[in-house]
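What follows is one chain in structure tokens, specifically the form predicted on its own.
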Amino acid sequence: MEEKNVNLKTALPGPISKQMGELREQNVPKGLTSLTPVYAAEAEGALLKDVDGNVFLDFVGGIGVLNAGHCPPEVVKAVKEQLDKFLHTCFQVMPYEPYVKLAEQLNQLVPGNFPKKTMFVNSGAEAVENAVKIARRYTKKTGIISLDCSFHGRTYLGMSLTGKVKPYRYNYGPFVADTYKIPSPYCYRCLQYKEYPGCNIECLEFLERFFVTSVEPDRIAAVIIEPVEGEGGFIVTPPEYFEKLRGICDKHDILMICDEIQTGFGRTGKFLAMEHSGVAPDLTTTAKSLGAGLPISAVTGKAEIMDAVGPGEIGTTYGGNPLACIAALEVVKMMKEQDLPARSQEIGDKIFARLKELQAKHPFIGDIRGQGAMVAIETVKPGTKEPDPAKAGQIIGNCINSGLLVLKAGIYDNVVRMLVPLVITEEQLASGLDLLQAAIEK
């Protein structure tokens, strides 16, 4: 791309995007929605160009898939080289080196001072499905507990574990049996009316009460938790919560599954977000930015847990595709050599600083939260904590019309979230924050 920053040449959508929109209307189900009415033509780093030549700054990153940026040269080069060798064998038919090498890398990088093993599938939801499957096989128990602001995918098990009803669960029941929910540690909207950190993490009393009133702990195989609840509105789980949860799980022989699908690969200022707490889960799911845009996901866990599954009991035709494994190996290399987790923290600090200035001027910004370059604002009616989804929608619309892509989140649809590619330039970041500020002030 010749352009190095935002450049809008037409009204949005442009004429070619309008034509594509008409074709889409005829051929694509309406349930599959899109943030923008424009259609991509090419991308590089933190920039997206549409078919009409308009260039956008991307603060969405394919919903957290592009921590290493659009089309990182190292990844593109490695994938092109693999294209000339082979595209697919199915690992269960004839295995290949990139799969094993990538498993080795993740086993070293995922928290936990114990032997680990890794398997690969295609999507975040598949990783969650397999983590639950492995947990049930190992523990010989069936119950799975998730949090009520969580998101774990759109499969039936994923929906069953996800907390938000609309649009994910509405009229899709019945859901998978033996799945349960407890309240999230949503500090801004604490159900105990406490304030962190003086709260002593009393929200975990809901779990202890759950064992008394709902299901006995010896029926629970695992608790699955996101370190930062993504779709739920970038709700950051306090490190003390993880410490207490780890203790409860150990007491009752319950596994802890950490869903790092949106938080992994440098997004929060660490390679994985669990590193902020110092707590090691038993099983970890990763996806999204693992493949720099190629579909791949992983389940990494204690070797004894992963090996509890018998031969042929896990696997998938496309899982750990060689192209995706090659891409992921380059992503891991980039993360280390360019120290992208540290860059994530720098980006996040600058976003937080600008948003704090805006919050002081605009009372509809109720909360600013996140970790590293995973940052969001929650919009409310001024003087209250009443959610204001319309205000969030206005901010997002203003951003898009000025050439900046940001995305909505939150159980009340009132959160504006940002997932900036970690390779963004200083000039691009400054431009994006100026556009965000203008959108908020407008």
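Computed from a prediction, not measured in an experiment: that's the story for all the values here. Counting begins at 1, following the sequence as shown.
Not pictured, yet referred to below: the form predicted together with a small molecule.
The partner is absent here, but in the model of the complex a heavy atom of G124, alone among G124, P281, G320, G372, sits within 4.5 Å of the small molecule. Contact with the small molecule in the model of the complex, judged by any heavy atom within 4.5 Å, is made by just one of I144, I261, A327, I235: I261.
Of the candidate stretches 215 to 223, 271 to 279, 95 to 103, 149 to 157, only 149 to 157 has residues with heavy atoms within 4.5 Å of the small molecule in the model of the complex. Residue contact with the small molecule in the model of the complex: R267 places no heavy atom within 4.5 Å of it. Although the partner is absent here, E231 lies within 4.5 Å of the small molecule in the model of the complex, judged by heavy atoms.
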